[in-house]
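Shown below, as structure tokens, is a lone chain in the form predicted on its own; questions about how it binds or moves come after it.
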């Protein structure tokens, strides 16, 4: 493993959700959507989540004139986000823990229905965080016309790659959507169709991504001198940590 201070690149964790969904029956115009499988998104020759990003090629994405290593890992069984559970959150944190020293930041692709739940829970499960964990998704699947998926994904990757890009590092769990970066534990979803679907009542956004990514350095959290700690005391019987 790399030394934490030398780690570079961003790991994208695919959990399912709208961003990676396809029609269950392509011949039916109103067919319900289902998430791409682990095999669908793990294909090295044809990555169905990254191939629509113009600056992506062969495991790297070009941002700010720099080539950033970009890799993807999927849950064993990607889900519709309405099926999220503590077991899924534990699987996500296990992936982060196992790969923490090898990447400078992480992006989690989550469905919008439970994105605020995931963002809030992970904020409390993960302690002593020194790297960005950005949760994002989309209102329309990444392959559809006028989808917001690519913009959300690329912006989240850019924020997660702050160390390589010499930008302010957001050392906490946050949620990025449309053009706003919000503290993960302070978000609500207020629209099921608006591309600006999330808000953070009573707390200013951590950053914005318009022509440039601008981080509000006055409110982002400082790093920790202690080692990463994941709270894992989940009881299936009580459904609490």
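Here the structure is a predicted model, which is why all the values come from computation and not from measurement. Numbering follows the first chain given and starts at 1.
What comes next is about the form predicted together with ligand ASP, which is not displayed.
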Subject >> Listed range touching ligand ASP, judged in the predicted bound form by heavy atoms within 4.5 Å, from 111-119, 69-77, 127-135, 157-165 >> reply: 111-119
**OP:** Give a yes/no on whether residue 123 approaches ligand ASP to within 4.5 Å in the predicted bound form, heavy atoms considered.
**Re:** no
Original post:
Hey, in the predicted bound form, is residue 81 touching ligand ASP, heavy atoms inside 4.5 Å?
Top reply: yes
Original post:
Is residue 152 close to ligand ASP in the predicted bound form, meaning a heavy atom pair under 4.5 Å apart or at it?
Top reply: no
